[in-house]
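A lone chain, given as structure tokens: the form predicted alone.
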């Protein structure tokens, strides 16, 4: 199946995790890939971020699918870098058909104790980073009157979460932006949708800070296996990146050409479970 033969997909945060999985899957179905990643540490992030070796590994994985891959070190917090990335993608690949706004970070703190830097790092990366890449890519898509955009939000874009006030604020903002971009570009042949996963099995969650935030004490992998399923109706601790890629590939395909401005939960029933618990006797 080659739903994306002849297409070019740009993916932020593509060095590992969900971004790598999306790149591999889109390439497997025929797309050439452009990926970017910051490849350096952000001080308030409590785990090791991807590095240049990770970015190169993703590039090799894509190329092993027989597709071209342009890999660029770039920071979504910087609009100029995103604009340069979009322009380079167009000049070297000819166009941008698909954008996956995926770059994001995680950290944990009660809002009453959160540092200003932790708040800023989250909003700058997870929310403004999404704006920067969408703003950079939209003119190219508008000119061609075609585009498919998927934004990786979160179930916390639809609710709140203890120690996750900054993350929830950023993801709520993304969903509002998705709806606005959909309205503004419906006549331009461009669709945009948000994907709202529960916890995904990536390096972003496998660290002491996030383990503690979910109640794993002491913060070990074995205790996380027990603590993480609690919010989910389906009793799994997390979902695999492939589950998110499966939904994403539908939303950026022409099979979904009339779907825009929507948010799709892939949350193992966690939000439904939360509502049920509020009204249970």
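Everything numeric in this text was worked out from a predicted model, so none of it was measured. Numbering follows the first chain given and starts at 1.
Keep in mind that the form predicted together with a small molecule is missing from the display, and what follows is about it.
Undergrad: Going by a heavy atom distance of 4.5 Å, is residue 77 a contact of the small molecule in the predicted bound form?
TA: Contact check for residue 77: yes, within 4.5 Å of the small molecule in the predicted bound form.
Undergrad: Would you please decide whether residue 15 lies within 4.5 angstroms of the small molecule in the predicted bound form, comparing each non-hydrogen atom pair?
TA: Yes, contact at 4.5 Å.
Undergrad: Answer yes if any heavy atom of residue 202 is within 4.5 Å of a heavy atom of the small molecule in the predicted bound form; otherwise answer no.
TA: Output for residue 202 is yes: heavy atoms within 4.5 Å of the small molecule.
Undergrad: Considering non-hydrogen atoms and a 4.5 Å limit, does the small molecule approach residue 86 in the predicted bound form?
TA: Heavy-atom contact with the small molecule at 4.5 Å: absent for residue 86.
Undergrad: I need to confirm a contact call. Of 132, 125, 193, 185, which residue comes within 4.5 Å of the small molecule in the predicted bound form, counting heavy atoms only?
TA: Selected residue: 125.
Undergrad: So which of 105, 137, 71, 178 reaches within 4.5 angstroms of the small molecule in the predicted bound form, heavy atom to heavy atom?
TA: Checked against the cut-off, the match is 105.
Undergrad: Where does the small molecule sit in the predicted bound form: which of 60 to 68, 252 to 260, 24 to 32, 43 to 51, heavy atoms within 4.5 Å?
TA: The contacting stretch is 43 to 51.
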